[in-house]
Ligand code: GLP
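Only one chain is given next, in structure tokens, and it is the form predicted on its own.
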């Protein structure tokens, strides 16, 4: 297919690279070339820098170029996009601190060349401070290159929906979704600042060159809208369409909603494979709001799919084939039905019972994504082990931990060992509540981890999982790291490799594929990939199937589902109750916002999949949990 033809809807040049690391290396090489070219001219390179998890890989590659290939930053001047208003430089989530930890402390960039918005400027002085920031950029000669990420609201910097094309550096109020996305970093949405200082859209557009980076499926929809839809104030990133030198660098997950990837038949000729045919027909059914078996020739023709009918039709036969394929994904036996004909079942009948390993990156992930299926596997006699890869202690609000420490102190009633540890943790929590820039002590982290263990065990009991059928790996990358800044190592891979070798599973249920590569889920998924590779020659490995589940924020599309497990009303209610046991993870959001609690999101997601199957003309179920087989 002609490349220009497939990109006909894209108003911004967009590159999809094999991975976030691959894309970051491309941009890092361009930055290095710019810095060296400016140095050769006796000039400074002026860079606009972004924060958050997206550019971390880019900064790591720049550090590598500095340390291993001699790239000097002595002639570089930097201006950061934004900063939370009200946070001092020492706060763990301040962008000043982030940039020093992730880049500035590791290269030879002069301190006088660093510019980050001041989140502590008195309110009455902010306007003047912002005007001075703009003047500093002009005095430096303007931005040679501006690096951007993109938020789920479509914001660039902290230019939330409603920001105008000509907006300049200013104080802004953060959107509720932006604050919700930052809630985990701040241990609750209530702790996320409500305001920030940001370069304006107009300030960004003044840069001579702009490159936007985006990773993970959570960014896919907004990326596609920014690239393909007309520019609007409600999607600030769409204003980049008017820039003469801009491009987006994406990983495959972030590019998955672009028309050329998601619906390629709408932008050119395609090779109609059976898999693409299923994707197209299920999409068509939902697009025209008719069950698969009621699709007509004109529906195909009106939606760019005449060639599909020519190659795989007529419509009557094609409809029946796709209907049967979707129907065959439905099973009440996720571990396989013993002594049954499994020709058209998603999971094989034997061996039975199976050794099943359910991997949860953090406690509660397994209940959110597959709590009903987990119960069914147990009820049907399989040997189920739930493995919590990390402690999840980073996600425990301090207030929740204080409740536990007080409970421990009341209970031990003077027992020296436990009381001493609990008092130390309580004192540290009190200091942290008084000083948000303080970090958790090891004792506090351990106590928070124990809290999550207790919640996980309570949830497993409700799901019917036998006592002692859980494992807590507490992988080092998590215990030593922070959200969006994890660095997995050999010890992490070795621990998971050894556990799988010990358990020798016939089935593994896992999540994390397609998530932002800095997320806990994505890090754990890549560790699973490495552990399976390390066990490649083991006999159990050749007979093992991996099923991928998703947490409620991102459901599988119908064509991606290889196994759909229906839940009865009672099973769905049981799942909700199990999720509810993870009380420390309850939303900190004010009451009244729909589907903000985790159990609400999970319940709605399971019902939505059932409604999708119903709309395709399949049987009507209360709820469905869906899985895709990973051909590793």
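Residue numbers count along the first chain shown, from 1. Just so you know, these numbers come straight off a predicted model, no measurement behind them.
Omitted here: the form predicted together with the named molecule. The next part is about that form.
Here the chain stands by itself, but in the model of the complex one stretch of 22 to 30, 47 to 55, 565 to 573, 603 to 611, 47 to 55, has heavy atoms within 4.5 Å of the named molecule. 149 is the sole member of 424, 149, 313, 552 with a non-hydrogen atom within 4.5 Å of the named molecule in the model of the complex. Interface residue among 236, 392, 371, 157 relative to the named molecule in the model of the complex, by the heavy atom within 4.5 Å criterion: 157. The named molecule is not shown here, and in the model of the complex it never comes within 4.5 Å of any heavy atom of residue 356. Remark: residue 85 does not count among the residues lining the named molecule in the model of the complex, judged by a heavy atom distance of 4.5 Å or less.
Using a 4.5 angstroms threshold between heavy atoms, residue 509 stays clear of the named molecule in the model of the complex. Although the partner is absent here, residue 448 is not a contact residue: none of its heavy atoms lies within 4.5 angstroms of the named molecule in the model of the complex. Against the named molecule in the model of the complex, the set 496, 529 and 627 makes no contact: no member has a heavy atom within 4.5 Å. For the partner-free chain shown, 81, 82, 95 of 77 to 107 come within 4.5 angstroms of the named molecule in the model of the complex, judged by any non-hydrogen atom.
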